[in-house]
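The chain below stands alone and is given in structure tokens; this is the form predicted alone.
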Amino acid sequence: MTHTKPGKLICVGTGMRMAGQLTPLARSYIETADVVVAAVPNRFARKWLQDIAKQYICLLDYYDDCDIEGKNRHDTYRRMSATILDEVRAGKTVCAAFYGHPGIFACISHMAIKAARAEGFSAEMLPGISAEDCLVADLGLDPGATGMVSMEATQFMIFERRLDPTALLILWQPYIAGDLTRKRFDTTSARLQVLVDKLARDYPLDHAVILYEAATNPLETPRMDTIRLRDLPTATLNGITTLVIPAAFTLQRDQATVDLLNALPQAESEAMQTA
């Protein structure tokens, strides 16, 4: 698509620890854009954005929509996306800033980019350092060692998902696990017990799991609390808590497939000789 309209949208990530995890390109867009639109929860990061942006629009108050009867988080996200698009339609270069990575658990950026492109505007996303990146570094886990499965906690609960307990499992947002209203920003021990019971189909209840929280400023240290799976319903969870479940069992060799693979060079060689 040829972009002829003057408005432009760039979605950037500020990283988890903004001071050291903001890419030079993201910072350049934040400084030079006509307007920066963001819903960054960390007040220090928010103040920094306000100081360097030409104009700053904060979207945090939009979450108050969830207190209105009949509205839920997705209504709020659509309103945030619409605010971003209004600025683009006004012909401005708009930088939408999201903490972490702008495309991971940030549906607003995807909605805004899709809408902007559909209307003929230039729109792009720049990668940022996500909580998952920090998790791998802080916990010393290599997803390549056993493989990794990553999904949102409530999505896992309400859909038929097949787990592989020989792989690393990451469940995001256990703080709102089991909330079907999309209006709450917390969970209950009863809902967490439902989560534990479903996980117990594949994992022992005494399996060690990790409650992880990435540090969000240079003075913090990441949270890395190890508990037993059975104790999750009584654990302290925060909005940024991630449930990390290491592999519970060792990988089992698929000898039949290994034998097939080992036989391939010999079979290919014999075919070449008879050709």
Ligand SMILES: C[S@@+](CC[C@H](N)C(=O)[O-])C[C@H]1O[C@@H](n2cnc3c(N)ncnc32)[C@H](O)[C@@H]1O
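Remember, predicted model here, so these are calculated numbers, not experimental data. Note that residue numbering begins at 1 and tracks the sequence as displayed.
Note that the form predicted together with this ligand isn't included here; everything after this is about it.
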Even though the partner isn't displayed, in the predicted bound form is Phe156 close enough to this ligand, meaning a heavy atom within 4.5 Å?
no
Is Thr76 close enough to touch this ligand in the predicted bound form, meaning at least one heavy atom pair within 4.5 Å?
no
Heavy atom of Ser81 within 4.5 Å of this ligand in the predicted bound form
no
Considering only heavy atoms, tell me if Trp172 and this ligand come within 4.5 Å of each other in the predicted bound form.
yes
Under a 4.5 angstroms heavy atom criterion, identify the one residue in Ala131, Ala123, Val196, Ala177 near this ligand in the predicted bound form.
Ala131
Taking this ligand in the predicted bound form as the reference, which of Leu192, Leu168, Ala106, Ile113 has a non-hydrogen atom within 4.5 Å?
Ala106
This ligand isn't shown here, but in the predicted bound form, which of 93-101, 113-121, 201-209, 139-147 has heavy atoms within 4.5 Å of it?
93-101
Can you list, in sequence order, the residues from 238-265 that come within 4.5 Å of this ligand in the predicted bound form, counting heavy atoms only?
Gly239, Ile240, Thr241, Thr242
